[in-house]
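Here's a solo chain for you in structure tokens, the form predicted on its own.
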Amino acid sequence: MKLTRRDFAAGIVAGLAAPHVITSARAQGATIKIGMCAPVTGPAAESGRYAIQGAKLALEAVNKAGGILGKQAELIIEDDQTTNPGIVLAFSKLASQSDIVGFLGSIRSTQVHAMAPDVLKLGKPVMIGGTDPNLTHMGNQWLFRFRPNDSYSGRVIAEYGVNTLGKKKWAVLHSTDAFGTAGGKALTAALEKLGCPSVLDQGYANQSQDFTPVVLAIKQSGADILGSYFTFENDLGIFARQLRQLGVNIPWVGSPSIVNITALKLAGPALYNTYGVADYAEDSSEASKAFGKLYRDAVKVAPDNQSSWPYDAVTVLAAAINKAGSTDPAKIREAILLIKKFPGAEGEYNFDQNGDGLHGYNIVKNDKGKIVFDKHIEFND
């Protein structure tokens, strides 16, 4: 299905159009509230600003298109402090407001795991960006994912490195948190299926300041290619610089953090000629291009997945509520699961019964600091 920019705009308007005309919010003094947990402080504060901007741009589009159920939508933000206890507290504050109809959680799987018990207890839809496959397979019907999960990223990294780059001896590097562990397992499993078991499976602790032992382990392993899952961009920036300083220049294919704006700023030339799986790639579709222009015009910087998934999350949540004609959580959930062929910034959304909306990844290359789209790989199984 080929989507044009006109299709994207039309999809937004059609999806957001309320089935019934209701007295305007300004006349009633009422709004539809959406809650958002975001890293306003902590090591992910910069990427948090991008996420908030993406959500706000979506909210502006929603309100211009008629709002939600005829009312203007409002975003209520709580700081998750880039920590697990922080997001539990942030979500608790939002959940205590009974008039919030849906939520945006975290892009970090470990934080989503931390808040998941409270999400299940509350019983309202929560949009997430965390990519640990387990998040939508643990019996929590209220989590809806707006990025492809790592069972797809591992397969794409492995397939591209082995079949396109022709490399067989892999070093797999990953954070030891929930995201990194799941991603590392997905990549090693995919490599084994391709007949290329990793020569090194190396974990690291988040917020490390010295990656010298990790780099030396990679160097001594004899690996001819590196696959990585980094949770935080500042860790990736430090590692990339130290990797190059110690003379390791093997091909590197990383998880989406390798092409995030923050990582690119921190690592600079150390990330030149690396590859990444990117759920958001500006040139991957007409809808992605349309979001890219919207974001650049508003923020004056290039967008990445920190901003694209919250944009899609707000847009889809609003469309689902309008389709349901109600703010009843069960009806919203049913409407989200029925969404098919919805053109979003991240890709075309087709939700499965587990709450996963996307099922493939883009491969991109860092060409002297510019992220260049190569190809999209989609899986149907």
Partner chain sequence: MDLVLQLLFTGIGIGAVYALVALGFVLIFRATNVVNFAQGEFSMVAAYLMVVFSVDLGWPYWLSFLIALGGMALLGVIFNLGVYYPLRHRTFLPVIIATIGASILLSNSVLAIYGPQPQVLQGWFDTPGIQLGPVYLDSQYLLIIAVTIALVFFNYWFFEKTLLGKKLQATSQDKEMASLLGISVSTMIMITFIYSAVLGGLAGLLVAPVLFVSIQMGSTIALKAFAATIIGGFGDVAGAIIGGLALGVIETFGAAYISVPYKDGFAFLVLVAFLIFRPQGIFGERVAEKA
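Positions refer to the first chain, counted from 1. Bear in mind the structure is a predicted one, so any value in this text is a computation, not a measurement.
The next section is about a form of this same protein that is not shown, the form predicted together with its partner chain.
- Heavy atoms of no residue among 92, 112 and 137 are located within 4.5 Å of its partner chain in the model of the complex.
- Screening 43, 66, 355, 35 for any heavy atom within 4.5 Å of its partner chain in the model of the complex leaves a single hit, 43.
- Among the residues 199, 246, 302, 189, the one placing a heavy atom within 4.5 Å of its partner chain in the model of the complex is 246.
- Just one listed stretch, out of 160-168, 252-260, 235-243, 122-130, contacts its partner chain in the model of the complex at the 4.5 Å heavy atom level, and that stretch is 235-243.
- A residue is said to contact a partner when one of its heavy atoms sits within 4.5 Å of a partner heavy atom; residue 213 meets this definition for its partner chain in the model of the complex.
- Heavy atoms of residue 142 never reach within 4.5 Å of its partner chain in the model of the complex, leaving it off the interface.
- Although the partner is absent here, residue 49 is a contact residue: one of its heavy atoms lies within 4.5 angstroms of its partner chain in the model of the complex.
- A residue is said to contact a partner when one of its heavy atoms sits within 4.5 Å of a partner heavy atom; residue 292 fails this definition for its partner chain in the model of the complex, lying far away.
- Counting a residue when any of its non-hydrogen atoms is within 4.5 Å of its partner chain in the model of the complex, the hits in 200-220 run 202, 203, 204, 205, 207, 208, 209, 210, 212, 213, 214, 216, 220.
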